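Shown here is one chain on its own, the form predicted alone, set out as structure tokens.
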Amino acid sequence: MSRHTLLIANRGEIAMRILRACIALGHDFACVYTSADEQSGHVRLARDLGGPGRLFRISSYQDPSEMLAVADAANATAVHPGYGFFAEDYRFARRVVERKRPLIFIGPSWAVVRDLGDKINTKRIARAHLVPTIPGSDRPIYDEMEAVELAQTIFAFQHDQGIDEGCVLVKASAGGGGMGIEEVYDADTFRSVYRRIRNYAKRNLSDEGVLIEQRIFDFNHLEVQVLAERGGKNAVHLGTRNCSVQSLGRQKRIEVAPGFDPASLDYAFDAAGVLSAITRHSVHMALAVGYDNVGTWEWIVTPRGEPFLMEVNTRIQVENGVSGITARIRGRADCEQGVDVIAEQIRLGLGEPLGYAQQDISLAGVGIEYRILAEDPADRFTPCLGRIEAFGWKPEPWLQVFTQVPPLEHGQEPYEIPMDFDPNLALGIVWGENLDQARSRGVEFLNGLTLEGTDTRGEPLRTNVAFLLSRTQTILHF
């Protein structure tokens, strides 16, 4: 394969992982940074491994014109968006590949990003291919009688599930956030809520279409990591992961691979069967839509073991590493201890064939990924800004740590947590031969982590490490 130069259109730990993957694959890179990120590890790494000529200062990570101007200045041949920012922006992806000086977009084709980026359209596509989705509408409903009939069907479905107090979500299809969503617990009040949401949508969003869905309670959040080659002809999965430990705002905090562990824990349903079903459905749908890069099929599983596809994320995800650490590819010496999903994404994005089939992939052990943040879980996970004055951990063969925060000892120049972004500090990924060993190693890592600093008021920096410790012993329980 020819040598490429990838513009890394992102920051922090994901930029560092992309940079290292580029070097491992024999490609060049160009990195961007803003004034808020001058201390970031991705800036230091780019300078150390590529020299100052590989670094470009920009005013914003969200200005597409500025980003593409850097691509031209760096003579880049491809753009890797990482996650966030432009990762799921099909307009940016289309602009990258259709400009006068076209580049390769390291991600799915822009039309795939567009089609699966719309949750309503994703549900419609899934149903067309017999993939189970949350009961409810897959298009805006404008007729009140149709809406009432659908609500009655959902209430009946919930009653059959043994749910005493069913709930239906009524949502403005054009958006509107919390103001455009109401929960209905009584079929007799559905009409008035439907009319209220429809009027709200017409008045504020110029579209009175309404979506109606079943409200799922007490579910587990599972994901399937999919890899597919250009052309969408071949696709495989790297197993499942469970992302049910989240903040109050539904932001993931611990991810575990596999998604359930029936060998160690008892479930009230056929957990192995659920894992088999969601991987099968995910790969089937990927092939059906011509998916052509790395992506994640996100599922919710009810307490009765019923899986429903929630959405498809058409990008690399933060938690890709926990899937990679438990996956092996037969015949690949570089994958004997795990798969670098980002390197595979780059390889596939540049047009290389997949080169292996599902039967060549095996899954080994249990992986746990911890997202370490400067936040206060006791105060609704409020972000905590300030500076880090000491940071470090004991290296272990079963541990990977990805962070843009430099190792620090007391007395060295502190690391100022940028106020422009979420206060993500590090990802810690541990591996064990089984769940017990993985949990034990997770506790060992968290207890041995040095993370000290002060907030903007001069008080000790608050982090979520204690929260992560408290949730470790119950991961994968349902």
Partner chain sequence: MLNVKEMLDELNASPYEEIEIRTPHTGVVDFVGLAPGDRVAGPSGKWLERPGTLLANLTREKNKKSICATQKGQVMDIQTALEGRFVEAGERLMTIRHFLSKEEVIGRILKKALHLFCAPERAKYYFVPEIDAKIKAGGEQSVKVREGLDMFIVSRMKRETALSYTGPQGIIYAVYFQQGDNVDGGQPLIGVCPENQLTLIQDVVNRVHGEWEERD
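Residue numbers count along the first chain shown, from 1. Under this definition, the rigid core comprises the largest set of C-alpha atoms superposing within 1.5 Å between the forms. Computed from a predicted model, the values in this text were never measured in an experiment.
Although not depicted, the form predicted in complex with its partner chain is the subject of the following passage.
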For the three residues Arg95, Tyr200 and Phe421, which mark the spot I'm curious about, does each lie within 4.5 Å of its partner chain in the predicted complex through at least one heavy atom?
yes
Region of this chain that lies against its partner chain in the predicted complex, out of 439 to 447, 66 to 74, 22 to 30, 426 to 434 [heavy atom, 4.5 Å]:
66 to 74
Option touching its partner chain, based on a heavy atom within 4.5 Å in the predicted complex, out of Gln359, Thr189, Gln251, Gln337:
Gln251
Quick one: of Ala111, Met179, Ala156, Ala128, which gets a non-hydrogen atom within 4.5 angstroms of its partner chain in the predicted complex?
Met179
Evaluate Leu169 for contact with its partner chain in the predicted complex, applying a 4.5 angstroms cut-off between non-hydrogen atoms, and reply yes or no.
no
Report yes if any heavy atom of Leu451 sits within 4.5 Å of a heavy atom of its partner chain in the predicted complex; otherwise report no.
no
Can you work out whether Ala46 and its partner chain are in contact in the predicted complex, taking contact to mean some heavy atom pair no more than 4.5 Å apart?
no
Hey, in the predicted complex, does Arg99 get a heavy atom within 4.5 angstroms of its partner chain?
yes
C-alpha of Leu205 off by 2 Å or more between the shown form and the other one on rigid core
yes
